[in-house]
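Form predicted alone, single chain, as structure tokens, below.
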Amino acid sequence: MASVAPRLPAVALITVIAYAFDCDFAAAGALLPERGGSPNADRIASLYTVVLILAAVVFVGVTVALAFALVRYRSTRSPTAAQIRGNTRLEIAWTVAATGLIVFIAVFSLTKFGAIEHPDRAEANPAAASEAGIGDAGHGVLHIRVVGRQYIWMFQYPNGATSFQEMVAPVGVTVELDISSRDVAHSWWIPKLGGKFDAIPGYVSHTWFRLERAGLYRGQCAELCGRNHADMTAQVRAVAPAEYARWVARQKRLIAAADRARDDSR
């Protein structure tokens, strides 16, 4: 079997070129998670940004201190090494600083998790939900069942509509997903619409998003699920609420026509 190592530079080059020319494929941000598609994705990116800035400050501080020590106490300047037995104040200071930093990150993260995991009802748009024909007992939430199978995603909407590979969702409406699998483990991932969620046989994972503008959001199964795993892509097409209502009606007519044709052929 040929070694994979020689191909790595070519793969890296292709990736760089794809980024440079903004090729249309699903990928995480170069340094931070992608944002701009849904509020939960924005909150994940903000959390990463805060942690990254704090980590950068610590890295720079440690690097500067190390460089200072290497120059200040180099052998040509100090041939005999100083025998330092400790500095109580300094040790207490860095212990308190490190503890405070960890506590801050933990508390800050915990305050963000709720808004990332659960949609904020106060920011929902009942008018958009009504225009899209979504009742949900007045909550204005669209529930879509996402089912993974080798190597395609199936989306089941309320009122019997179904689609494959491409999910259609209305802008401004909270969409809650119930994610599962019919065969092996998969992972639902649309980078601009939030984090990854496992699709496991016999178990249902839950996530949500709320599209902020019309467009196409591409994704990819993020769990190695078989030899054709790379072909298991997905995309979410964001449309205006009225267009979504028309699309659902059309899907239902097509499904009903297919059912009649099947029955007639028997």
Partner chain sequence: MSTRTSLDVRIGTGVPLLVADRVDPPTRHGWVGWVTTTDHKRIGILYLVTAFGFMALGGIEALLMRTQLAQPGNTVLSPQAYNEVLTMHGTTMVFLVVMPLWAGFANYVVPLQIGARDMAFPKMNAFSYWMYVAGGIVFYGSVFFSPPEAGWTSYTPLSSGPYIPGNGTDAWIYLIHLTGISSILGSLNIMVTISNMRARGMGWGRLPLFCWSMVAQAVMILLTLPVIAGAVTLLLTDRHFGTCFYDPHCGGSALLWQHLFWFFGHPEVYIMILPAFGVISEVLPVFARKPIFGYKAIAASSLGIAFLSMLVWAHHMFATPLPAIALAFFMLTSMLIAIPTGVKILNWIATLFRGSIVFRTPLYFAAGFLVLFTLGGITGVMLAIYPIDRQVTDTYFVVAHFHFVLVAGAVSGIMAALYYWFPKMTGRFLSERMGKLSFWLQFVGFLATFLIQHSLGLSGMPRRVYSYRADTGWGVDNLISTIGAFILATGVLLTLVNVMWSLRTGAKAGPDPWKANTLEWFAPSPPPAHNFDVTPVVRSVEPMRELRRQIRTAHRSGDGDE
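Residue numbers count along the first chain shown, from 1. Since the model is a prediction, treat every value here as computed from it, not as a measurement. If you superpose the two forms and keep the largest set of C-alpha atoms that fall within 1.5 Å, you have the rigid core.
Only in words, not in the display: the form predicted together with the partner chain, which the text now covers.
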- prompt: Could you tell me if residue 172 has a non-hydrogen atom within 4.5 Å of the partner chain in the model of the complex?
  reply: no
- prompt: Heavy atom to heavy atom, is residue 197 within 4.5 Å of the partner chain in the model of the complex?
  reply: yes
- request: Answer with yes or no whether residue 113 is in contact with the partner chain in the model of the complex, where contact means some heavy atom within 4.5 Å.
  value: yes
query: Any chance residue 215 has a heavy atom within 4.5 Å of the partner chain in the model of the complex?
result: no
- request: Would you check whether the partner chain, in the model of the complex, lies within 4.5 angstroms of a non-hydrogen atom from each of 106, 183 and 203?
  value: yes
message: At 4.5 Å between heavy atoms, only one of the stretches 125-133, 189-197, 154-162, 140-148 reaches the partner chain in the model of the complex; which one is it?
response: 189-197
query: Relative to the partner chain in the model of the complex, which residues of 210-238 have a heavy atom no more than 4.5 Å away?
result: 218, 220, 221, 222, 223, 224, 225, 226, 227, 228, 229, 230, 231, 233
task: For residue 63, decide whether the Cα shift between this form and the one not shown is 2 Å or greater, given a superposition on the rigid core.
output: yes
query: Comparing between this form and the one not shown on the rigid core: C-alpha of residue 164 shifted by 2 Å or more?
result: no
